[in-house]
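First structure 1, then structure 2: two forms of the same chain, each alone, as structure tokens.
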Structure 1
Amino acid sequence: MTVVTGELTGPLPVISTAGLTKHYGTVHALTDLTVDVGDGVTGLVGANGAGKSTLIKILLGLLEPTAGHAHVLGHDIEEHSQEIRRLVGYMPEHDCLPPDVSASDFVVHMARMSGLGASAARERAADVLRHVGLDEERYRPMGGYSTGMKQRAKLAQALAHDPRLVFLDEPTNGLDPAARTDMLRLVQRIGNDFGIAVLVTSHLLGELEQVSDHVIVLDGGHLLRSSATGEFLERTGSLLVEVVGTETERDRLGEALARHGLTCRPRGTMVAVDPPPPGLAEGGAAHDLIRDVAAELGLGLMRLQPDRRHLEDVFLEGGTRA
């Protein structure tokens, strides 16, 4: 698979790795990872076992790399790991909350552990619990929380000491669709409204393209691609067409368009039209043809839009790694 890297310009990256490698005997968790992470929300995506959690733990100084080096907020991970942990918030993937402690007491404790005084810690805890939507539930023991509430409590403790950067490891893990959407909105707010740099991991590709400014894709511990989200979602030149009716109407449209020289295939309820040939590719000629054919068939045209690439396409395209 071809590695495509995106060079960050402007301010120094908040995270920078060079040749970062972590091997456990014959198991290669990370191999020769060289990548930069900037401000905003950066999605770190890959299947389970791709090396996402290993990378975060190395950056926090919790694991020692086998080779290579990295800097977080300008600090070397091996020489200044304690300073990095003071400046960074971390939301772990797995459930780690004490069940008999309230969210308020827990977040206050974590803020104190990060160096805040008692008064400042209480004020900060109340603030972040309100931001994550636990204001009314903050005095309840966390053992009685739903999965979504527990994830919010973990997010709150990561923000308690006003970090410059947060690592969010699978923050939507175990959430239902509505809670997942709410969590993603919170992640986006942290990066865009609060001005805190975010590195968020997920194995669900579609999630991160919704909220990330930049995406890093790992595959088996290797860097597959790193670039701005918009570059992943660029237009392909193809079109998506949807008409009113069943698959029968969809197929009627596709067959008619094929007779006019367009290459079509079904995609769910829509017809996917390959990039139009010369003569139809300019001036909206293909759009006009699709509209006219639908009208001739007596079909109601619901949607006609450019097709865009998605993060899944990075894995489907193939190629070779570096």
Structure 2
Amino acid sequence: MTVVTGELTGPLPVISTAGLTKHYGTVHALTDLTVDVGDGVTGLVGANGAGKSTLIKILLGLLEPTAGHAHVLGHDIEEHSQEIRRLVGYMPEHDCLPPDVSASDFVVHMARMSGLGASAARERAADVLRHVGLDEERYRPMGGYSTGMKQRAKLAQALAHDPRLVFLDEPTNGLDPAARTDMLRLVQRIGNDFGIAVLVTSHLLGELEQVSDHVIVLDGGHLLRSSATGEFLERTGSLLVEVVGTETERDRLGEALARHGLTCRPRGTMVAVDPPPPGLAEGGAAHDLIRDVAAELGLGLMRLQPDRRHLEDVFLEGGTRA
């Protein structure tokens, strides 16, 4: 099974694997993974232990696969892993910052370890630290950083040498909601504005559907699904309707819509309308009907939008299929 995600701009995908397998004794971390990754942001999603970190380590040449092949940026992982490590950045999941060094010094050093000269490394470090949002605190030892600042410093060192591809392993781990939003926006910018391909992992599906162009779903070392994020989200014909008022208004609307032949159920403050029957499916007839019903009841229509599926549904489907 070969699945291609991403807008393949060149003849070669950014990452392509063929039958990639990694077994630790009886533990099967990855099984026969064949997948292609293109430019932009690609989400790699799966529960803990699904094989996400193992895949990244194999692609970096830090682990040897039990079987199968892979290419990163056109280089074979077994023959040219050094060349690959020159062109990619890696932000590990775990803590990896020495506490007695400042972020500024550390990122400069890491840029030099990727082959940048002394002055170029200083310039790049200042640039990326600004991009990740570490300001004055960059001159303080990293031991005193909050989790959010540590994650930024980790991200900065991954970008220090201007890689063509970055592996971000759980970049939102341990962040509060505001910091999480910042980090996700940054990930999106790296993929779209900086022009650096991103492979980002998370066990939180909701995060990845916000930022990634493509999603690969791993489950127990197996490929569950790989496709554009849009395809995950746009297969439902359901509608969400919200009116001004409380639950009473919501229920009045729902009951009225039901009388007109639509299947409705409450969801939070909104009414979820199942895909309309054939008679109402054509040319937005259902939309018109909802508008008219709301007007008849004298209710202020606040929201009428297509109901997006969530990536969770893919897991549920995958679970029932397996």
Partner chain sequence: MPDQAATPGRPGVIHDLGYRHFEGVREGTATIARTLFVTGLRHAYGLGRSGKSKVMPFVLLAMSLLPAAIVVGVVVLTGLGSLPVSYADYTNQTQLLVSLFAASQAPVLFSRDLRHRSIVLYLARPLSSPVFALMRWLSLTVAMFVFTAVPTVLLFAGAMLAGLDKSDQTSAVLKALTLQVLLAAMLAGVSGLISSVSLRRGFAVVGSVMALIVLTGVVTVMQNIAYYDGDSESVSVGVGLLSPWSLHNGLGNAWDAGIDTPAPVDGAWVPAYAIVALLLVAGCLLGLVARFRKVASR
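So that the term is clear: the rigid core is the largest set of C-alpha atoms that superpose within 1.5 Å between two forms. Here the structure is a predicted model, which is why all the values come from computation and not from measurement. Residue positions are counted from 1 along structure 1's sequence.
- Two forms of the same chain are shown on their own. Structure 2 is the form predicted in complex with its partner chain.
- Shown in the overlay between structures 1 and 2, fitted on the rigid core, is a CA shift at residue 273 of 2 Å or greater.
- Relative to the superposed rigid core, residue 293 undergoes a CA displacement of at least 2 Å between structures 1 and 2.
- Taking 2 Å as the criterion, residue 141 does not count as shifted between structures 1 and 2: its C-alpha moves by less than this amount when the rigid core is aligned.
- Relative displacement of the residue 245 Cα between structures 1 and 2 on rigid core alignment is 5.5 Å.
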